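A single chain, nothing else alongside it, follows as structure tokens in the form predicted alone.
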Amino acid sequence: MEVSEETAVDRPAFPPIKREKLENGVEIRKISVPAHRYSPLKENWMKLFTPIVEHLHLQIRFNLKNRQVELRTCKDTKDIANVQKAADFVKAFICGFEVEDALALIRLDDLFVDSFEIKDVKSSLKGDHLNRAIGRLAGKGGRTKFTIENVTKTRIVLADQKIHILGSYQNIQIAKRAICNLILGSPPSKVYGNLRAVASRSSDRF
């Protein structure tokens, strides 16, 4: 079947994406820091500073006026993608992950952080019902959260009504499904059973 040149559709021409840069062409990222993360940031500053400066060859500082962590490339930066890796690393720490867990975002390329709120899953939760949903996610002594983390090979942070999951895309989806079922009221025993079945299937696939 011949297609005439007149019917061929021209490719769309998109303008170049504007990137946030300084006047001298240096790539920068800014990460806002909420007040409750000031103390952890101060205590762990050198743990953040060392891999970003020594391994990624970037510059980092905390702007007290804007309350932001600022990252930028310099003449020693070998790969411009490092600035985004460093930004993801700092964001993960600001979300509440341990520095050692967040470091995996620098070392591995297929890791992400997914964030959502309990009300995104069930908007009608209020008052005691919301508190009980948070309690179901954590479990007695944090047991439910640890079980989901271990089975799905992820890390989870419960920050009030916000939930942050660190892991590979596939594992995040498995953990997220388990968390959503708990929020919707499924008993933990049923969620554990489904979780192990899905995790075993995914491991057999590889």
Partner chain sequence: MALNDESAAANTKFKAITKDLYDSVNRNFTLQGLTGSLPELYTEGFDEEQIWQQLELHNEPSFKILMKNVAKLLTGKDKKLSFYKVEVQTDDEEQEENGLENEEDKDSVASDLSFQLPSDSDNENEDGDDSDLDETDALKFDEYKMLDEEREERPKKNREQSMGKIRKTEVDDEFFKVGEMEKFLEKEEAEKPVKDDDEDSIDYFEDVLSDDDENEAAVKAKYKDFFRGSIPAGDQQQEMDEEDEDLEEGDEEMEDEEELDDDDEPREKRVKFDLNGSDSSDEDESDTSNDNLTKSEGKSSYELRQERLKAKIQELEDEAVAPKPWQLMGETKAELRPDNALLEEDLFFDHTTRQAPVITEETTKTLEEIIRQRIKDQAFDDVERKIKPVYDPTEFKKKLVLDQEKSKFSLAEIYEQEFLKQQETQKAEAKSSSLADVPNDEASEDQNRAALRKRMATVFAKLDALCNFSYTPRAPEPDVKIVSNMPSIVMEEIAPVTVSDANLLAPQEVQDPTRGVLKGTTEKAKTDRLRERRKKKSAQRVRHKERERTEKAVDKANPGLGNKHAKARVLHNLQKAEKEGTVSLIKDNRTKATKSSTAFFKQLQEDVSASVDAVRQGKQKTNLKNKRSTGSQFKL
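Note that the coordinates shown come from a computational prediction; the quantities given were computed from them, not determined experimentally. Positions refer to the first chain, counted from 1.
Beyond what is shown, the protein has a form predicted together with its partner chain; the following relates to that form.
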| property | result |
| --- | --- |
| Contact of residue 80 with its partner chain in the model of the complex (heavy atom, 4.5 Å) | no |
| Contact test in the model of the complex: residue 147 vs its partner chain, heavy atoms, 4.5 Å | yes |
| Any non-hydrogen atom of residue 196 within 4.5 angstroms of its partner chain in the model of the complex | yes |
| Its partner chain contact in the model of the complex: residue 128, any heavy atom under 4.5 Å | no |
| Which of 51-59, 174-182, 27-35, 161-169 lines the interface with its partner chain in the model of the complex (heavy atom within 4.5 Å) | 161-169 |
| Listed residue (71, 90, 133, 111) with a non-hydrogen atom within 4.5 angstroms of its partner chain in the model of the complex | 111 |
| Contact set, 33-51 vs its partner chain in the model of the complex - heavy atom within 4.5 angstroms | none |
